[in-house]
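In structure tokens, the next block holds one chain alone, the form predicted on its own.
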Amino acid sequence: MSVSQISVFLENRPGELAEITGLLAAQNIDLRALNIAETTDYGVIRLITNCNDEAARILNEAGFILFRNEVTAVAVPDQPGGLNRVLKLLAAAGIDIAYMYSIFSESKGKAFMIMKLSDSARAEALLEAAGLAGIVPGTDALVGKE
């Protein structure tokens, strides 16, 4: 299932991440997923909240540089080899994974991953056909519906 993600550029300095999470917490915005990629001088925080529109507005007004994009939420069997099964299926179909991280949730034997894929529509169809949940059950509850 396609979900909206916010990517925020931040300086690589103490307190920058605390400022972002503090701004969101002050407005009762809950984090559903978070990933940080960094270089020497700056970082990119990717996040999914229970209200991405409001989170993006708050961070933008605070002067943060950000953009939004769509990523794919995938339910992965929470067992040894569960993720490998998903990754092998995507690889066999020639679908590239630009990056991947997990959602703060687990439910009924499933772990949830966020993936930026080269062809998300085809990936979702392949996962569904293989009996792997390409659509995360209850995604609206996990990542918020706007």
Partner chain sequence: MERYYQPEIECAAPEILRQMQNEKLAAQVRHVWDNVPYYRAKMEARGLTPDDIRTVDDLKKLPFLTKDDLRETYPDGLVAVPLRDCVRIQSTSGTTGKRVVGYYTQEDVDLWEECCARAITAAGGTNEDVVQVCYGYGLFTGGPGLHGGSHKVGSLTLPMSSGNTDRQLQFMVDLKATILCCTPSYAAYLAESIHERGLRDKICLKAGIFGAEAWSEEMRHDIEKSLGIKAYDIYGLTELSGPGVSFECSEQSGMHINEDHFYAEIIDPDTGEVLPEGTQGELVFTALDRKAFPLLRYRTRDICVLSREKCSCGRTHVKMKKPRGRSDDMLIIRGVNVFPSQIEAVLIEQGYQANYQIVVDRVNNSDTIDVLVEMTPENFSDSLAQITKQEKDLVGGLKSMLGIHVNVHLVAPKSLARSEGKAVRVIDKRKI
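Numbering follows the first chain given and starts at 1. Keep in mind it's a predicted model, so treat the numbers as computed, not measured.
Below: the form predicted in complex with the partner chain, not depicted.
Looking at 74 to 82, 31 to 39, 88 to 96, 49 to 57, the stretch with residues near the partner chain in the model of the complex, meaning non-hydrogen atoms within 4.5 angstroms, turns out to be 31 to 39. At the 4.5 Å threshold, heavy atoms of Glu16 reach the partner chain in the model of the complex. Put simply, Val3 is far from the partner chain in the model of the complex: not one heavy atom of it is within 4.5 Å. Among heavy atoms of Val44, some come within 4.5 Å of the partner chain in the model of the complex. Contact check for Ile65: a heavy atom falls within 4.5 Å of the partner chain in the model of the complex. Residues of 82 to 98 that come within 4.5 Å of the partner chain in the model of the complex, judged by any heavy atom, do not exist; none qualify.
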